[in-house]
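The chain below stands alone and is given in structure tokens; this is the form predicted alone.
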């Protein structure tokens, strides 16, 4: 790679923050559409800058311990900003027609900046601050749906998040109070020396990250949030924050706790959490009739697959990062399609059965949903296949074959509830022209375009490595 000044790594966040200020100012001046558009464009520009730095900037700290970028770090940030921009664009019609539209776009953008910091910092203090910013943004975004159920879900989310934040503060107090440091490098040395206090503190911090991931036993908020939030917002909440939390765990834990089997108990705890998440998430999803709630439970299972790579230690580092990105793209696509369906069918109740006849009414939207769901299942030639494949291979390499087997079985089971959505779209009653409300047949064009673009990414991301060579994955995810 060609090395350029690391200062460029701060440009994406700065562009987004400036875009938020300009966008909110435009909204205050009663130009809401312009303001939301500025924020969406700023997010896309940030994604492009990160994509460029992924291949042009050597992995380097920008300002000491604070920020890493280039290589895989910039690839991750690029996907986060892309998903945030697509989320804002997907909810375009709602954003420009409601008073909260600019606020939702701004909060989404601020959350994306915090996630970039979370995925690249080498110090526990800014990581925790970034995690809490993401959590607070999540509470606000859920409540922004402005319904009784979304307010209840946001309140439950907030209460559970407060408990997780308490664990975080206690863990941070133990680590800093005893050792006077929060830097990862020094913490690695302390934990490597066999410090039980440091290990205890890091386990408490792990609880906060597990909550943000929605892993068992910190999972109960996820189905309610994904069901009640606006679909475009849920697409962001179900994807980008999970990328941030998984990447933060990769930076914090494997090199310090799991490498070379120094803490087999910690490795076992992560493995058990992964297995429990896969089992509970899949079983819970099988029983759901609501699309959002089903994706919430399936998200719990998907987090379990990501934790498999974490349990594998440094051998699963790249695999976990890849899985986080591929899962995020797949689940976001599913929610963006749901947003487009909502625009086309204002009376849709969010149920799986309510998707009846979508393939006949809007074949390209149905195809995008099929691609997203099959990607989440792990079917070859779709982007999700690569994430699961690399994670399972890493687990076998780390002598966690039993965990890989559970993951494979869970993937097979998942086709039951993902297949139910596909079956509803393609084999049930066809929507007639009379059943489509007047004036909505061609509405939501932006949401439809976003869903189709996301679906195309799912397909191209699956086929691309076969055309360009599997080494393209390694080149884009160098850490």
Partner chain sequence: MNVLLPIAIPLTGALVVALAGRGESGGARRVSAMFAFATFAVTVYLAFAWNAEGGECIRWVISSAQGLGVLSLAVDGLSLPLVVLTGFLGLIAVLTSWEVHEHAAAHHALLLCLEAAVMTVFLADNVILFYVAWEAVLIPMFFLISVWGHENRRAAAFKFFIYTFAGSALMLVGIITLLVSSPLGSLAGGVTAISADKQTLVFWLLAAGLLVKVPVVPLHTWLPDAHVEAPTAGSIMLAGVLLKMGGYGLLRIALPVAPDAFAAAGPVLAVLGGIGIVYGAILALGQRDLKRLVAYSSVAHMGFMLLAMSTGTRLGIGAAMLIMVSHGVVSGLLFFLVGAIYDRTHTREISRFGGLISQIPVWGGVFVFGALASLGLPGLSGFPGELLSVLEGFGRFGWWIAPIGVGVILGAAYNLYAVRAVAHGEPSAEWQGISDLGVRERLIAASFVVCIVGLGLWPGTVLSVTDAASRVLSMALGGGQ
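Residue numbers count along the first chain shown, from 1. Being a predicted model, the structure only gives us computed values, none of them experimental.
We do not show the form predicted in complex with the partner chain, though everything after this point is about it.
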Problem set entry | Options 223 to 231, 330 to 338, 295 to 303, 395 to 403; stretch whose heavy atom lies within 4.5 Å of the partner chain in the predicted complex | 395 to 403
Exercise. Between the options 317, 157, 211, 385, which residue brings a heavy atom to within 4.5 Å of the partner chain in the predicted complex?
Worked result: 385
Seminar exercise, completed: With the partner omitted here, the residue among 145, 374, 285, 104 that in the predicted complex has a heavy atom within 4.5 Å of the partner chain is 374
Exercise. Is there a heavy atom of residue 412 no more than 4.5 Å from a heavy atom of the partner chain in the predicted complex?
Worked result: yes
Problem set entry | Partner contact for residue 141 in the predicted complex: the partner chain, 4.5 angstroms, heavy atom | no
Exercise. Is the gap between residue 420 and the partner chain in the predicted complex 4.5 Å or less for some heavy atom pair?
Worked result: yes
For this session: Check whether residue 467 has any heavy atom within 4.5 Å of a heavy atom of the partner chain in the predicted complex, and answer yes or no.
Result: yes
